[in-house]
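Just one chain follows, in the form predicted alone, and it is written as structure tokens.
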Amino acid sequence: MRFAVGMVLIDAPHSALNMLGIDESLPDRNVTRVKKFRKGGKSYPYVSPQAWRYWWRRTLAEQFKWELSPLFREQKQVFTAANPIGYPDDDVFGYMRAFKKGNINITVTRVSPLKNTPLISLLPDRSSVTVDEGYASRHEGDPVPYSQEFYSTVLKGAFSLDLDAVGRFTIIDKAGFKNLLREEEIPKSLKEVKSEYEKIVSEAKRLSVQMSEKEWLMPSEIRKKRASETIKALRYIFGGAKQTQYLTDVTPKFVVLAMFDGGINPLIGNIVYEDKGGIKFDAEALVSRILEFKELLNPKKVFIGKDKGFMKEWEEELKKVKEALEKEEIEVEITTVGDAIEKFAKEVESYYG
């Protein structure tokens, strides 16, 4: 089991990328808040993990022409087609779907191979959030006052992509691992479900998917394409709320990328941190985290990408990382963000042969 893991920083100099909505506790109800969470007595703005995933999904559709799984709504639930053969986003982002009719209820679920954190501000709200006082005045009559929060900060996020799970679908009676149904368990009364299943089987045969009783495995070329494009999409990722008024480039300005056996992501720790209102890079912490799991680093390579204009003072620290890790026979490539992502995607491709 091997994971492609990463840590990213997004520069958000004047942004409101994921809003909580109107503050209902205020009598005039005209203040729109950003999302925040509390930690150690401080509050930090954040972008929810589902928002980041939504951006990622849309980028894959726009930049890599992924045909996204259609959405269906049933009462208060929304679900996708749950067809990982036909739709790559069902494969990479996972799903849960219940097929119901009367007393019949059969469910398929898939643990997402792509896992990600929220995007969390490195600066607490007291030193990053401000309130814009505005007035709506395009109508006749008195202007209507309103207020909305926005922030100036750097957002940190991390992800792990389970390379073994991409293009591999299990049929085990266990939550998260019953990715597909068996033909014999679909009741005759669920004609639409049976029809969907037959289409999935037909498509799988056309693509030469290896199908056994408990597992289906897509051809290596398809798995390679899906995994590498998921990584490459980071380079072009776009999205976020309030872009009309607070235009923000959400592509990463700093990335650290590597591959580890097992499910760990050592890059989630405090490699970057806030100190007296500034954002610092801890070279020793990064070196320590990599060496702590050196035996699981596979291949022995670390890719670091940084925009030239972002945190120029970190460049000397990055050289120290390279020197320290290369003494331990770990190759370190320090380059631009785009180049780091592309080279890392090639490493991901090589995993599939």
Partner chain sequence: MIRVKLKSWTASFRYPTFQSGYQPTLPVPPLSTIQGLLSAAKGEIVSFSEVPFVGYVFISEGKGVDLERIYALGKPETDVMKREVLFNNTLYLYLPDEWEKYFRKPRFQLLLGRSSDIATVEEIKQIELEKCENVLVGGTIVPVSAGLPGIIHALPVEFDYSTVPRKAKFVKPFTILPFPKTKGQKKRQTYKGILPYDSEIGIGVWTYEGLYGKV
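Numbering follows the first chain given and starts at 1. Predicted model, so just to flag it, every value in this text is computed and none were measured.
One more form of this protein exists, namely the form predicted together with its partner chain; it is left out here, but the text below deals with it.
With the partner omitted here, the stretch from 299-307, 43-51, 62-70, 312-320 that lies within 4.5 Å of its partner chain by heavy atoms in the predicted bound form is 43-51.
The listed set Ala136, Leu247, Ala175, Leu207 contains one residue whose heavy atoms approach its partner chain in the predicted bound form to within 4.5 Å, identified as Ala175. Thr117 is the sole member of Ser127, Thr117, Ser147, Thr251 with a non-hydrogen atom lying within 4.5 angstroms of its partner chain in the predicted bound form. Its partner chain is not drawn, but in the predicted bound form it has no heavy atom within 4.5 Å of Glu328. Interface membership of Met96, defined by any non-hydrogen atom within 4.5 Å of its partner chain in the predicted bound form, is confirmed. Residue contact check for Lys36: one or more of its heavy atoms lie within 4.5 Å of its partner chain in the predicted bound form. Although the partner is absent here, Asp275 lies well away from its partner chain in the predicted bound form, with no heavy atom inside 4.5 Å.
Taking its partner chain as it sits in the predicted bound form, the stretch 136-168 comes within 4.5 angstroms of it through a non-hydrogen atom at Lys156, Gly157, Ala158, Phe159, Ser160, Leu161, Asp162, Asp164.
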